[in-house]
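In the block that follows, a single chain appears as structure tokens, in the form predicted alone.
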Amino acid sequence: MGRTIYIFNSGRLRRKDNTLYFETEESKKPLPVENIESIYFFGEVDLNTKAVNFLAQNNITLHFFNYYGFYTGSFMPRDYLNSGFLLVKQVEHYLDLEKRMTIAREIVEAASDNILRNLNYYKNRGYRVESEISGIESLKQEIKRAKDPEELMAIEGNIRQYYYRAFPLITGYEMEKRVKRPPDNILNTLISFGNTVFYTTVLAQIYHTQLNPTISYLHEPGQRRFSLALDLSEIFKPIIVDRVIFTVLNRNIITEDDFEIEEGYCFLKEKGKKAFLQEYEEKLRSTIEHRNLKRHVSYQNLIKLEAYRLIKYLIGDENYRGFRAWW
């Protein structure tokens, strides 16, 4: 599993011979490109085409965020695992509504099951989340009856509304409703930041398969450039991003002091971002014993395995069943 580098300082990324350096006014640090999978930029960084070409040669993806931690874009090296056959299959399953809905329904079913796994975990520890669980279980019955992706997205949105009602009960922090642009309180800020970073993580994993990330099934292609990353994110957000949020708040790794409010906007300070990303990286690198593969698999590799599972379905090797947590 390649490393992820997070750069918060402002400086310059520069190639000298076959080595990459990150330079600031105070220091010059070499970066081992052979071990890097992605680099995240949270500070102001200069880089030239020589450095970009070197990064592309080593299949390293770059992700950029502005001062407030909002995602601004990614640099994806040219596809190096092209498959015309798989591209045709992806498009075929998008154009055929029945085939598209088979995948889209399974994504929402799997995401809902992982949401319920989280809520039942806290219910068994005395948290009063019974009504949220009941509401989600009732909405789940509607997934099979959805006729098109738009109707399915509406059901998925209602499920998440119930789910987010439980966040204040689990963490003790207030959140009346989910507000994205811009987030207005601590919980909304952490959800937005976590989901954005996770979107890029999923995108990087898709990049290392033969899937085309612009062709999706639940989300409409074109909503954002790499909409397949949004599809697969839905399945894993509850067991990766949301669990990190519960951990950093319930263990006081992040507190109110790590946030700043400007004109109703709530932002994570740099210290808070670093604390969140450290916990997030530990989660991605932690492993579970996979009951089918009979070996330990990291959370990050679970995402790539999901992409391979989708590929097998698209080429007709096996039925698609989205990942469900069992622990």
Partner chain sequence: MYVIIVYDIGEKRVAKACKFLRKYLNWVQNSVFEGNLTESQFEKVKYGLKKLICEEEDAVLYYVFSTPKWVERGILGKEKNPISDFL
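Since the structure is predicted, the reported quantities are computational estimates derived from the model, not experimental observations. Numbering follows the first chain given and starts at 1.
We do not show the form predicted together with its partner chain, though everything after this point is about it.
- This chain is displayed alone, yet in the predicted bound form one of Leu284, Leu31, Ala56, Ile288 has a heavy atom within 4.5 Å of its partner chain; that residue is Leu31.
- Across the options 255-263, 62-70, 275-283, 297-305, residues that bring heavy atoms within 4.5 Å of its partner chain in the predicted bound form belong to 275-283.
- The candidate spot formed by Ser134, Glu150 and Lys177 lies out of contact with its partner chain in the predicted bound form, as no residue has a heavy atom within 4.5 Å of it.
- Contact annotation for Asn18: at least one heavy atom lies within 4.5 Å of its partner chain in the predicted bound form.
- With a 4.5 Å cutoff on heavy atoms, Asn35 counts as touching its partner chain in the predicted bound form.
- With a 4.5 Å cutoff on heavy atoms, Phe323 does not count as touching its partner chain in the predicted bound form; it lies far away.
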